[in-house]
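Just the one chain here, laid out as structure tokens, in the form predicted alone.
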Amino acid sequence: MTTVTKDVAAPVRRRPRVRAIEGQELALIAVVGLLWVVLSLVTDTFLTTGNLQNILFTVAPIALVGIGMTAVIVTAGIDVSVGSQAAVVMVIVALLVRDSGLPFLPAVAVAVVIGLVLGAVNGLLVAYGGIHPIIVTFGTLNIYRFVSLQIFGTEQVAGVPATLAPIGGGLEGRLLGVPTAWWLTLLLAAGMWCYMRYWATGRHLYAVGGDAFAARLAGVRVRRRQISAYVLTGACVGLAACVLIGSGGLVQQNVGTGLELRVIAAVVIGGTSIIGGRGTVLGTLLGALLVGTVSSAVTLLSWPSELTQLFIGLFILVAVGVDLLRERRRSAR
């Protein structure tokens, strides 16, 4: 028994071939760079400090949640409930800040803990329920939204103090002219990139997404890795919720609606394979930046806002098409 485990485990201990910059990430850098050059030529306001700060702050919550979502999709899972998770976290934390005077750090801690719990529920159902992740998280999407609406009652949460403003979108939420939320995103992304590349448990996420059965035979604790990915996503949702609360004194009932689509779009456009086994948080950051740039371009050019969804949809189809073609070529070898 010991011999079999040792022999089968050998391939998993091999370090996956993860380059510092993947081909799709280089393509994204080129696309984003080209868009920035074109937009700076055709508009007078795109390359202004204020607009760039706005883009970075707008994409920060998407990128934050995308960091966790990258781990989930790498394991061949998906989490469509992150928008409803954000709603639950935001309404509870906003009420605690307003009614109980919760300070900054405890508020962030409470948000992360709530996100962890919600993510853990998803992870446990996926790992032990034997149900496809999209079915599980589609169910919890509706349950979490119901919970948030019950806490909201019939009113929005207004008059939230500026306790979380240091990571919000105002003047207080900037460091060296860059939104603090973006610094937080870069710090978390760097940690996650190192974890998925150099730590054994981080590399196991790729093994689970590549072939869960083989990974289990190799000694990888597949269920534990799956749960950890969803828990991490929940924690990222908690941080993103704090960023969103910090940008204003009002939390509305429709908060978080559509967040899951923008996050999944950023991850997929960033090169993470929708069938698992491949992807990086650097690609996710670039994908989020592309989504933010497109949204800003549509606004500055006074185009109909619906075009944002059209462009993002086209980018998703191109990214998924490239991924499937790459997978077919790999299978044909």
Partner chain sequence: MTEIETVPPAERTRGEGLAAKVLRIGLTERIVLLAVLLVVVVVWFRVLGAGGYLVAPYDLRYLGNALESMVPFALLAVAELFVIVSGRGGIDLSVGAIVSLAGMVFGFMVGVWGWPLLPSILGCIVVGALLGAVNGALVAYVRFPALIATLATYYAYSSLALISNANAPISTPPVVALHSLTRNVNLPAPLPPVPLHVFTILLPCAVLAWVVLSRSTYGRSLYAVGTNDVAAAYATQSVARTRFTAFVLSGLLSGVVAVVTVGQFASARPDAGIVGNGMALPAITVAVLGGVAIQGGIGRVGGVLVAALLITWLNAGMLLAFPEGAEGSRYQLLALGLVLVLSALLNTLALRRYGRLA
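Positions refer to the first chain, counted from 1. Between two forms, the rigid core is defined as the largest C-alpha subset superposing within 1.5 Å. Source: prediction; values computed, not measured.
Omitted here: the form predicted in complex with its partner chain. The next part is about that form.
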Notebook entry, point to check: Hey, of 31-39, 260-268, 279-287, 63-71, which bit sits against its partner chain in the predicted bound form at 4.5 Å between non-hydrogen atoms?
Noted result: 260-268
Item checked: Non-hydrogen atom contact residue 328 with its partner chain in the predicted bound form at 4.5 angstroms -> yes
Next item on the list: Report whether the minimum heavy atom distance between residue 81 and its partner chain in the predicted bound form is within 4.5 Å.
Entry: no
Check: Can residue 145 be called a contact residue for its partner chain in the predicted bound form at 4.5 Å between heavy atoms?
Finding: yes
Margin query: Can you tell me whether residue 125 touches its partner chain? I mean in the predicted bound form, with a 4.5 angstroms heavy atom cut-off.
Written below: yes
Notebook entry, point to check: Of these, 224, 216, 98, 197, which has a heavy atom no more than 4.5 Å from its partner chain in the predicted bound form?
Noted result: 216
Checklist line | in the predicted bound form, the residue from 120, 178, 149, 190 that sits within 4.5 Å of its partner chain by heavy atoms | finding: 149
Checklist line | Contact set, 104-134 vs its partner chain in the predicted bound form - heavy atom within 4.5 angstroms | finding: 125, 129, 130, 131, 132, 134
Notebook entry, point to check: When the two forms are laid on each other by their rigid core, does residue 325 show a Cα shift of 2 Å or more between the shown form and the other one?
Noted result: yes
